[in-house]
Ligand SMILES: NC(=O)c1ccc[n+]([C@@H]2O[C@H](COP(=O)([O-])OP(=O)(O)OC[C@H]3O[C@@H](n4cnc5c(N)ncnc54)[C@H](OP(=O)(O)O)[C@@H]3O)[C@@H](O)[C@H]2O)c1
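Form predicted alone, single chain, as C-alpha cells, below.
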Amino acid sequence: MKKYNWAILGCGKIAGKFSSDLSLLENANLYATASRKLDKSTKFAEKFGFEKAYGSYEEMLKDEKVDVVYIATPHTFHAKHTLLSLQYKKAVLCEKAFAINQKEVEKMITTSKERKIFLMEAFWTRFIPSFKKVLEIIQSNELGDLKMIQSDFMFHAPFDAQSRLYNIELGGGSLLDIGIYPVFAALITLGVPEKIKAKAKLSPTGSDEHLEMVFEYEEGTKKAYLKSGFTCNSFNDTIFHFEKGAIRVSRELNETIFVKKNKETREFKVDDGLGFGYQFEAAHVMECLDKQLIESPILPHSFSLKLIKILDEVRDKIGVVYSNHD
C-alpha cells in the first residue's frame, strides 16, 4: 500500500476536523501544514501530529515530498490556491464550494486536465456510508419514482460583518456555506433543474442570511424545496418523497435513515465509522491516485461544474455579488 504525504493549506476549523479523520487512514501520512502565519501553522501541526509547518503556502508547495493538498481556505481563495497547487504538480482536494463562480471552476478543471494532475471537490457527504445507503435505496426503485425533495440546513448565527458567514469578501452567505448541501441533494438525485426560483433576505453586507429555493423538473411534475440560513434553527432534514413511500435523513442523525414504504416505516442504522466522516473522501482520493486518475469517477469534474452553474443562477436571482470575482 502506497502511503501519501498530505498537506493542509489553511489551518481553520474544517481543516482540523479533516486532519483528525485523516489520521484514521493507514495510507495517509500527516506531513505538512501551511498558514499565512507560521505560529498558527505550527500550533495546528503540533495539535494534529503533522511533521512540518510552513508560514507560507508557496513554501509548502515547493516541498517535493508533498503528494496531495487539502485546501481549506475561504471560498474566495479556492481557485487561487488550487491553481497554485496544480502549478507545483500537487494533487488537490479542495473544500466545497469548489470556487466562487463557474468561470473559476472551469479554469481549475482545465488546468487539472492540461497538467494531468488530480483534482476533486471535497464534498464529503457523497462518500459517507449513510448517504451511499440513501442513494442505493433510491436507485433500487423499490419506492417507485422520486417526485419531490424537501431539504433544509439552517442554524442561528448572530450578524457579524467580519465573520466568515457574513463577510461578502470571503464568499459569505448561507448559499455557499450550507445551502450547497440541499442543492447537492437535489442535483445528485433529480439532476439539473429545468427552472429555478429563489428569494432571499440579505444581510447588511449583501450576503444571503436566509434563502429559499424551488427547483422544478419535468415541466413542474417534480420539485425540490430547499432552504438555508443563519436566522433560525432547524431539524436540518432531507426528505425524499416517492410514489410508494419516503426517505428521511437528518444531518444531526447521519447514521440513521428512516424509510417509509406505504404505511410501514423502517429505521436503518448505518455505521459511518469513527471521526467526523471526512476520512471517506480522503480514502477515495488516494484510491484515485493509486489508479493515476486526474478526476474521481464518483464525483467527477462534470458534477462540480453542474453544481456551480446552479449556484451561480441562484445568486443571480437573489442579487448576491462577490466583488472582484463576478
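A quick note: this is a predicted structure, and the numbers were derived from the prediction, not measured. Numbering starts at 1 and runs along the sequence shown.
Note that the form predicted together with this ligand isn't included here; everything after this is about it.
Looking in the predicted bound form, is this ligand within 4.5 Å of a heavy atom from each of I14, K40 and T73?
So, yes: the whole triplet contacts this ligand.
Looking at the partner-bound form in the predicted bound form, is K65 within 4.5 Å of this ligand by any heavy atom?
Judged by the heavy-atom cut-off of 4.5 Å, K65 is well away from this ligand in the predicted bound form.
Using 4.5 Å between non-hydrogen atoms, is D177 touching this ligand in the predicted bound form?
Yes.
Residue-level question: is F131 within 4.5 Å of this ligand in the predicted bound form, judged on heavy atoms?
Because no heavy atom of F131 falls inside 4.5 Å of this ligand in the predicted bound form, the answer is no.
Is there a heavy atom of E95 no more than 4.5 Å from a heavy atom of this ligand in the predicted bound form?
E95: contacts this ligand in the predicted bound form.
In the predicted bound form, which of 140 to 148, 75 to 83, 210 to 218, 230 to 238 comes within 4.5 Å of this ligand (heavy atoms)?
Among the listed stretches, the partner-contacting one is 75 to 83.
K269, K291, R266, R36: which sits within 4.5 Å of this ligand in the predicted bound form by any heavy atom?
Only one listed residue qualifies here, and that residue is R36.
Pick from W124, F242, Y166, F184: which has a non-hydrogen atom within 4.5 Å of this ligand in the predicted bound form?
Only one listed residue qualifies here, and that residue is W124.
Are there residues in 260 to 293 with a heavy atom within 4.5 Å of this ligand in the predicted bound form, and which are they, in order?
Only a single residue, Y278, comes within 4.5 Å of the partner.
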